[in-house]
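Presented as structure tokens, the chain that follows is alone, the form predicted alone.
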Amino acid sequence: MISKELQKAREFEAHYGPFIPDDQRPAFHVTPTIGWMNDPNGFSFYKGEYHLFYQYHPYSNEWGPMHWGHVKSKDLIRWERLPAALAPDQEYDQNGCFSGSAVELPDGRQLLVYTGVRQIREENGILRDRQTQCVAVGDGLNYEKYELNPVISAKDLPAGGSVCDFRDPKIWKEGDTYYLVAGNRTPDGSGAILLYESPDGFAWRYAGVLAACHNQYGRMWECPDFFPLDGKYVLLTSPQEMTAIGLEFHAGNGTLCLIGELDQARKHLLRDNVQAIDYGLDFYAPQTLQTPDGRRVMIAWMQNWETSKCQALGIRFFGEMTLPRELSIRDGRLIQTPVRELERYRSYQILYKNVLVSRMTTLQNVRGRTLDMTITLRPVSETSTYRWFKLNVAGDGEHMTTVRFKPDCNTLRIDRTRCGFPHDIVNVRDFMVRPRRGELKLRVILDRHSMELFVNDGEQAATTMIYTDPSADAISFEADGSVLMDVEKYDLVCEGGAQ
């Protein structure tokens, strides 16, 4: 049965969504039908197609009572819009259907697991969230909320666990058992990832603390995801209130990847390596799935909370998802590369070899705002040096967004200060890179208002929104000193990131 709240949301998006022109949207990144989008939810493969849900407020470009938007795809690049899947329409989720995940049940139905939020006024008059975990079951289009919701509540928390910060369940199945991780705030005020298990996806019991923050990496840990990968276990989470740690972690809402071994007896992750997931300006709340051919693929919200109030005028939607990325582990680090399906949409190859860059340089037919371009840099000789190299994209003489490499300190800088957005937002980020024998490879994916940068075949990724008008499509290269450069560039032709 479709509630009146869900029906209202579906009618609103069906009526007003088509008024948004296609040229205001990216070509191959997911955007909401209309209104606000944040975290990816329920990223899954179901009945032969990829499904992606997302945090959604259709009625404005601002965060509001959370719904679940919905799209599906056959190849992770072209997405079809579906009606909203969930709306806040029950007592336990009246203030929002927060983030969650999805899994297929043995009977062929799809189970959605999400955080229901209800606000309670305490004795001192302050309104506080009560967050519980809830489920809904459906067929890939319509979903019915479970009559015994919530399935995990305050009584299922460990001693001292917060009922106000308890959210974002990620579910999976191993053998005959379902598992679920969720973020929680602990008595010391920082975050932990709690583990639960169930025989059927409906009746759950607390199994232990998978990992805890202890105020080391931020405070509350949101949006956890946990999975095996290349002989290791990986925990992804998004910490709030991070403080900067060198050039690895920036302040604010960050992303964190823990790689290690699983203590099976204690159900506890033993850390081998800790790193940021993305080193750019706009990346949060990643979620993964396993494809039918065994790949682990991740997608994330391509935005950050600090800049979410800075929106272009006249656009009736806000928020995009990243390009889905294939994950692996190499030399103990998380590796990310654009899904291979993107290569089907490449056209018009341009190749340059051994271009000497020693001043501002442009190359014939190297321009555009929807493209896939790989640049390889190397010194002119074993004894030659250069102070810096710059790649400038989305240029028109007045505007540009820059990627700068400094070989003396092995730092890469993303700088969108001149992208033309008239707000005092975060525009610059530096991070360390690891050239191989003096050579650095940069793969740049542009899609109208975004840039996703992959360093050395995915050893690091850095994502940023670009606010320059899409007509600014010039690309240039420059160096202080001399450097040799190879360029391989393709146009990407894929109209309709979500039709």
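Start at 1 with the first residue shown and count on from there. Every value quoted in this text rests on a predicted model; they were computed, and no experiment measured them.
Although not depicted, the form predicted together with beta-D-fructofuranose (FRU) is the subject of the following passage.
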Contact test in the predicted bound form: residue 101 vs beta-D-fructofuranose (FRU), heavy atoms, 4.5 Å: no
Residue 467 within 4.5 Å of beta-D-fructofuranose (FRU) in the predicted bound form, heavy atoms: no
4.5 angstroms heavy atom contact with beta-D-fructofuranose (FRU) in the predicted bound form for residue 167: yes
Touches beta-D-fructofuranose (FRU) in the predicted bound form: residue 283 (any heavy atom, 4.5 Å): no
beta-D-fructofuranose (FRU): the contacting residue among 460, 44, 33, 55 in the predicted bound form [heavy atom, 4.5 Å]: 55
The single option of 93, 222, 225, 372 touching beta-D-fructofuranose (FRU) in the predicted bound form, heavy atom within 4.5 Å: 222
Candidate stretches 446-454, 60-68, 24-32, 433-441, one within 4.5 Å of beta-D-fructofuranose (FRU) in the predicted bound form by heavy atom: 60-68
Stretch 36-57: residues contacting beta-D-fructofuranose (FRU) in the predicted bound form, 4.5 Å heavy atom cut-off: 38, 39, 55
